[in-house]
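Listed next as structure tokens: two forms of one protein chain, kept apart as structure 1 and structure 2.
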Structure 1
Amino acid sequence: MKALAEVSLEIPRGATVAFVGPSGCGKSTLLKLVAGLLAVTGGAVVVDGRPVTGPLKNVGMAFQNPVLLPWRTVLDNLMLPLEILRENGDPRAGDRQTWRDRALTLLDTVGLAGAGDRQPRELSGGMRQRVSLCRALIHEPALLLLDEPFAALDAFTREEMWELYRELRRAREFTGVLVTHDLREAVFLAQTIYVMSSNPGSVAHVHEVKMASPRTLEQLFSAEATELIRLMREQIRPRREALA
């Protein structure tokens, strides 16, 4: 059984795009293909002009579960990518002090200055997700893949994370690919939204978000945003009912 079929698209450098759709439509599979964690059985995935034939090096990933190592401090969790790069002889590893300075700067950027010596268990869910984003960005990747990274957070914290992502993108240049079930999140963060269908997964609709950037939470209550969210909900809902 095919997970994805006839998915053809191009993501501009520096943009953020979002994939929405019913559960099981292949959104997470698509992310794994882009990252090189799964091999394609047909067609090709090309990143920065080169076919993806294995795990990409210049990519960061953040998931719904922050997956912080509980026996390591926040700072040591952030330094984990350095250890992996060193073990693989990657020239990007550099010296530890450079990475430490970069980690402390990132923590300050996300409002966690002084938290480097704390344990993950001492942090709230939102704070752990901020650390997860920092870890995904510490090696300055060109591509950031986000698999429902804010879904487990309460509504207010989730909106704070949207604004944080907006500020991180303004401060650092990277291309973002977001998988989410939250249509408001997709409208706030993405320039283009792909609505996927199931069996097999494919892109059913494409929406360019025309709202001005940088976006504010107030814009999500505008007529334009409300209509786009309503339309996408209608495009997804019939497929959910058909699967029932």
Structure 2
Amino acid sequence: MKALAEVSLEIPRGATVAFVGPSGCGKSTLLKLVAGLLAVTGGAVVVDGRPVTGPLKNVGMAFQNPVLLPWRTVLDNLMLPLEILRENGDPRAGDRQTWRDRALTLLDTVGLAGAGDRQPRELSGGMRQRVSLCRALIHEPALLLLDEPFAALDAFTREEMWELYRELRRAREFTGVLVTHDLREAVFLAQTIYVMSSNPGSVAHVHEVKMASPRTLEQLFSAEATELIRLMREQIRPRREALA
């Protein structure tokens, strides 16, 4: 079965792009292809000028289902990237204490101060999602792949996360690829939004978000943003009906 039709797109370094589209249209699959976790059956994925043949190395990734290692505490889950980097002699691997501090700061930022010593099974769904997000960020990757990282969060925590993303981006350059169902989220965070359609998955529409970056939550109520969101809603709706 073919999950994705030919999809060809280029993501400029330092930009954030978002993929939106109906459930099951192939967004998660696309992200895994980019990360090199799935092998392409046809066509090619090119990242940083090189075709992807195996898993990428310098990425941070958060999956749709937050996957924490159940045998490690929250903090130890966050130290995982450090361990790998250090063993691989990566220059970004600093000493353990620096990372610990960074991990604790991150946990604090996502509202999980003090949760470092807890076991993953003791966390709520949204808390796990936030830990998983921290793990994707902690080694300051050049490419960040996020699959609905905020779906299990309440509106406010979610908006705080948007702002966190914005601050991170402001502090350091990285390329972001975001899969989301929340059109406001896409508009707030991305420079380009790809609207996908199903059967097989393909990119139906591309929108450049013209608003200046960094953005404020108020900008989401601007006429431009409202209009874009309305337009994308319309673009997703008929696709689903065609599928049915």
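Note that the rigid core is defined as the largest set of C-alphas that superpose within 1.5 Å between two forms. Counting starts at 1 with the first residue of structure 1 and goes up one by one along its sequence. This is a predicted model, so every value here is computed, not measured.
Looking at both structures, it is structure 2 that matches the form predicted together with a further copy of the same chain.
Checked against Met61, Trp99, Phe221, Val209, the hinge of the rigid-body motion between the two structures corresponds to Met61.
The chain behaves as two rigid parts between the two structures, and the smaller of them turns through 23 degrees against the larger. Core superposition places the Cα of Thr73 4.3 Å apart between the two structures.
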